[in-house]
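The chain that follows stands alone, in the form predicted alone, written as structure tokens.
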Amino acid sequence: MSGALKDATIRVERPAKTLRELALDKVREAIVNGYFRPGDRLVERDLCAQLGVSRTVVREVLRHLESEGLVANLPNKGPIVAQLDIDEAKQIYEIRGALEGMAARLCAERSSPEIVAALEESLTGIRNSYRDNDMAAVLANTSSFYQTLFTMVDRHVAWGVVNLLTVRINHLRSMTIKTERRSIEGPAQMAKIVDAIRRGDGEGAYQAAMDHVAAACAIAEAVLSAKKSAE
């Protein structure tokens, strides 16, 4: 057996992600999906045991999530899952509205049947997920809808910004999608975006996207206000 062949058979393949990246994905997912809820303490010792990683890795993960706005480090209390207030939520929705409106306008101006088909596929997924009462799938299909909106007009940087902001409000979104009539009104508003894009109506697509985000923001404000009143 040649030396080259021997080397090939014993070569250790580098994993696609490091242990730190895998741990980061797990904790972020646990926060986004509500396993860790806003205000919950994130105790390093417990996270080490739950994740099966060292305290060094856990500290790096918590620092990274703090930079994303998902974790807050409080004096005399330590890291907790960040709590979103009404003003922060409104600012996030304002930024989302501006960027999503821009992307919708660009999609309409592109006049691409492929964009319309991809958006309709995601919209069908959203409706089916509501029908099946699968809220995780609603969020996943909604994310797919907006990813199409941005990436198919080459606005990858804007999509990265929106995605990061959406992570911060995903727990809130998981509550807003369950509100009364959201399963009907949400998809109907998104269908107006698709219809305007299909017509090549840039201004109509922009306004439909803005209206959809404004409606979501109003629901989020109501949810946060009710939660604050109950405390």
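Sequential numbering from 1, following the sequence displayed. Only a predicted model underlies this, so the values are computations on that prediction, with no experimental measurement involved. Between two forms, the rigid core is defined as the largest C-alpha subset superposing within 1.5 Å.
Note that the form predicted in complex with another copy of the chain isn't included here; everything after this is about it.
Proximity to another copy of the chain in the model of the complex, defined as a heavy atom within 4.5 Å, holds among Glu121, Glu88, Asp132, Glu114 only for Glu88. When another copy of the chain is considered in the model of the complex, only one residue from Ile92, Val138, Val81, Ala108 comes within 4.5 Å through any heavy atom, namely Ile92. Not displayed here, another copy of the chain is kept clear of Met152 by more than 4.5 Å at the level of heavy atoms in the model of the complex. Using a 4.5 angstroms limit between non-hydrogen atoms, Asp40 is distant from another copy of the chain in the model of the complex. Using a 4.5 angstroms limit between non-hydrogen atoms, Asn73 touches another copy of the chain in the model of the complex. With a 4.5 Å cutoff on heavy atoms, Glu60 counts as touching another copy of the chain in the model of the complex.
Heavy atoms within 4.5 Å of another copy of the chain in the model of the complex are found in one stretch of 158-166, 32-40, 171-179, 189-197, which is 158-166. Asp195: CA moves less than 2 Å between the shown form and the other one after rigid-core fitting.
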